[in-house]
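Taking the form predicted on its own, here's one chain by itself in structure tokens.
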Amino acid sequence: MISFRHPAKFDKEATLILIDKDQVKNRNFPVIPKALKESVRHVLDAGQFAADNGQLFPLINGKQVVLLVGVGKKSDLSTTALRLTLRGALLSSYLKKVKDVEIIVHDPKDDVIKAAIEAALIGTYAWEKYKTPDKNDTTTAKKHIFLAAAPKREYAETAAICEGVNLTRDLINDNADTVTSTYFEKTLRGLVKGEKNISLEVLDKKEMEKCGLGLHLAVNQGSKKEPKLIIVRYKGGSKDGDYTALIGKGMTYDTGGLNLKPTGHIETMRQDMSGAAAVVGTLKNALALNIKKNIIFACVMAENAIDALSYKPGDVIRGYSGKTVEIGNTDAEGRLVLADAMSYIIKNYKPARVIDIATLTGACVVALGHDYTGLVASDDKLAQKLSQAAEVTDDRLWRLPIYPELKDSVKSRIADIRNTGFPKGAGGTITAAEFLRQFTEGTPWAHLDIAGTAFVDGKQRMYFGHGATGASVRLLTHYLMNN
């Protein structure tokens, strides 16, 4: 929880003060009360605090902790580094048992305030649903943050967007047998209940069979769980305004199918629905912020399980578009369900542009690592606007190429198209994108490959702890608000 108030009051269990090197050099601390200034001066004179980035030094003021937090040179400090530093301070042992924390930033600019909000709400997020509480641990897991800043609409918007990010993370982090397609439908229905200008379409297995979504059905046929295509139409713009379609890959678990994933790769595959979860988080933000745009939010839900009925390498399957697809690998399943969803939405909803979001290829992790989402787009203007949104939100993108000759990489000798690229292992991210492009029917389209950015399988990356990051929610929300 976060609240805004100005000026600083130093009336909570702990006050956290961000200090840069110029302030130390000039001994300029206007926000610090006179009673504390002498203590701070003694600390500086003794050389105990130089405001190096990430340096922490606690002072005790009666029953209150005053934590000095160094941020280095102001001219060298990025908002990314600021988020990381503030996260470290909030999670430090000095504040372990503190419930209410006041934060005073070193520079009251809007981008600094918003970075502090994200550090507090995104940076300190932890998935602890299944941890048994320790009765002897008096640590307060959830803190109330009081940010010493005058309330502004954009600050409240930043806090609301963080809630959408963390909803996405909750969906991804939970058990695969909990967060099923039915669970997704229930979550979406709960979000839109009572909202005006909303319509909901849900295609289950029976409807998919009737409509001919053969690719989606094939991927799910080894599972006992129901496949679903869940489509929310949000009418926030003018009656005659065009629509942007967001389509998220929602593999609630991905074994790889008969092309089984090996140990070391399969353990975190509950996160293969991160694209659909990002769509849900973005929908939450659109509703909370009353975004004045017309938007299609689509979650493409299936489970790629192993069974006697599982689809097989070498199969040829006809999708909703009418194209036939040769299955080169059953672990290239996400592009199959997305292809059917894009074909269905383009034909029946006629959006002006389509953006798909998917943990699609391990090749994207090889190419870009874990800090940048891969962007492939058929439309330069759309790509540019998404990249600008990424710059503003620190939800990073890097554009990869797509070009006419790439279509040869997904040709099949026995079908219209093949779901794996040729030659094997070459340009896996862009050949997967080329497969998807063939189902866009000329609609301006962008593809976000979040395979590397959606999940932290370890202790920490940037200002995210272990588990889901909510990749793409911030940038998509900003894009929708500003374009």
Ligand code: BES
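In case it trips you up, residue 1 is the first one in the sequence shown, and so on. Note that the coordinates shown come from a computational prediction; the quantities given were computed from them, not determined experimentally.
Absent from the display: the form predicted together with the ligand. The rest refers to it.
Q: Taking the ligand in the predicted bound form as the reference, which of Ser223, Gln271, Ser321, Thr373 has a non-hydrogen atom within 4.5 Å?
A: Comparing distances to the ligand in the predicted bound form, the residue within 4.5 Å is Gln271.
Q: Of these, Asn285, Thr252, Thr359, Thr168, which has a heavy atom no more than 4.5 Å from the ligand in the predicted bound form?
A: That would be Thr359.
Q: Heavy atoms, 4.5 Å, the ligand in the predicted bound form: which of 126 to 134, 240 to 248, 376 to 384, 332 to 340 makes the cut? Say which one.
A: This holds for exactly one stretch, 332 to 340.
Q: All three of Lys261, Thr420 and Ala451 touching the ligand in the predicted bound form at 4.5 Å, heavy atom to heavy atom?
A: Spot residues vs the ligand: full contact, yes.
Q: Looking in the predicted bound form, any heavy atom of Ala363 within 4.5 Å of the ligand?
A: Taking the distances in the predicted bound form, the answer for Ala363 is yes, it comes within 4.5 Å of the ligand.
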